[in-house]
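Next up is one chain by itself, shown in structure tokens, the form predicted alone.
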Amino acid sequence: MPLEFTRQRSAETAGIRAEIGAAPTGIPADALVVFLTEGGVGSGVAAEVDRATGGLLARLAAAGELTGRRYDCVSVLAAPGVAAPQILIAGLGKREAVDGGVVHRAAAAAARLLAGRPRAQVVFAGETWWTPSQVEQAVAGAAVGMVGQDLYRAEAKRTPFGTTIWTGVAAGSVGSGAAIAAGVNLARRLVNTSPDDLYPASFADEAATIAGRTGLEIDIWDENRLARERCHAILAVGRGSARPPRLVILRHRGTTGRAADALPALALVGKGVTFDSGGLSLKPSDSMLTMKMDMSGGAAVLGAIATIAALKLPVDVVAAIGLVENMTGPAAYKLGDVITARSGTTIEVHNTDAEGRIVLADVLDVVRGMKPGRIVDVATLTGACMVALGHDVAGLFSNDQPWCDRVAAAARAVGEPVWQLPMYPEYDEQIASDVADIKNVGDGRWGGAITAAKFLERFVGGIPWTHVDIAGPAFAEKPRPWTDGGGTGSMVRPLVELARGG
């Protein structure tokens, strides 16, 4: 990659540690973060801080200044009895509704606010009633919240803390939460990178760097290898670009060592369209502006398998990422073209802007040949999914209900909302072609997310498979209390949680 982006690279593994048995009020720091549920300061760390400050928090709560509402962050100048000069109170909402997603976003909101200026050390006071999983998600949230969209700014709007200290929680959960955050921040950085700097070959180079750092096996197929492997679908989409496509294959062998013939229990597949102009079905400028994010699925898969390796999870996982630029050069693929995918299936092109599913056709076939136990693919596949579910919810589509249920449970466990859409056989009729086996769009605009998923289903060979359409949640066009705009790292945490389930 031409630019090193040292600021955000270092933030992916910023210093995070636990202080076992330390009182949060006594640790010298620039700020102390305390979490508060609705109903006052009668228990937990908030009560401890209230006592240390002579009832300050209780008085503020009585005055209506501290409510504990979800993601409300109130800054208070500390009083004698607290070593830090600033206390930040982060709201969790009603205690009975607190889950991993709530603590993740609350910690991220607090960190994002504090990262508005440089701070050498910040203390986060965890609660003893949090589960280990909730601790992980809170730690990850804080580490994600302090990193902004500053790759190309001369003056950063967010500055990662020099050191983040967590008290009242287990060191093991802090360590795993930091590893999860590194995977999310890796995915966010890739999505936020200019498409002139991140293209198929440079993405593959980044994957090789990550593999070297985490012990992953890696195989990179260039355009010559893709041709030998009959990956004509990937090659067709990439023909219009001066930058040739790549296929990146990564392996984590968590149980089988280096056994070359071992079958992976789980395959992760990512769409990696590093820029999508729409091809000859050219997008309007407003729609094209954010299309550097069309590789978010590939970024999520890379971030997830890097985290799986860092955590040394006892599961065998393969990840495959199809990388192309969809451009309008003189060799660009055309409407009416018929492409023979690696599987032998012929595809009639009705819209060159429905390119992601064509790329994934070959990637899924490569993965199918590895005979994994189950497959998940992640892709910013359709605007239709956003019409159905909005910006915050990912769509799920599957050929196997128990497997889809497990994917959904993993996402909800870490607080990423998902919703399953139907895959009735009648939708297959909409992708039937008069001149080829299938066409790359359905009949008209209706049900477009489903017909795209039905297209992908043709290439998984009956292996239990779930497709996750992250077109909505992958990229935040506006900042939220817990994140700057830009790449969100959507699906990294659910994929790690899924791998933990074996």
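All residue numbers are counted from 1 along the displayed sequence. These figures come from a predicted structure and were not determined experimentally.
FYI, the form predicted together with a small molecule isn't displayed, but the following is about it.
**Prompt:** Do all of 153, 194 and 486 end up near the small molecule in the predicted complex, with near meaning a heavy atom within 4.5 Å?
**Reply:** Result no, not one residue of the spot touches the small molecule.
**Request:** Determine which one of 349 to 357, 166 to 174, 185 to 193, 228 to 236 lies within 4.5 Å of the small molecule in the predicted complex, judging by heavy atom distances; exactly one does.
**Result:** The contacting stretch is 349 to 357.
**Prompt:** So in the predicted complex, does any heavy atom of residue 380 sit within 4.5 Å of the small molecule?
**Reply:** Residue-level check for residue 380: yes, a contact with the small molecule.
**Prompt:** residue 276: heavy atom within 4.5 Å of the small molecule in the predicted complex?
**Reply:** Yes, residue 276 lies within 4.5 Å of the small molecule in the predicted complex.
**Request:** Using the partner position in the predicted complex, report whether residue 34 sits within 4.5 Å of the small molecule, counting heavy atoms only.
**Result:** Outside the cut-off, so no.
**residue 386: touches the small molecule in the predicted complex, heavy atom cutoff 4.5 angstroms** = Residue 386: contacts the small molecule in the predicted complex.
**Prompt:** Looking at 450, 441, 456, 66, which is the one with a non-hydrogen atom within 4.5 Å of the small molecule in the predicted complex?
**Reply:** Result of the distance check: 441.
**Message:** Using a 4.5 Å heavy atom cut-off, which residue among 294, 325, 362, 136 comes into contact with the small molecule in the predicted complex?
**Reply:** Contact check passes for 294.
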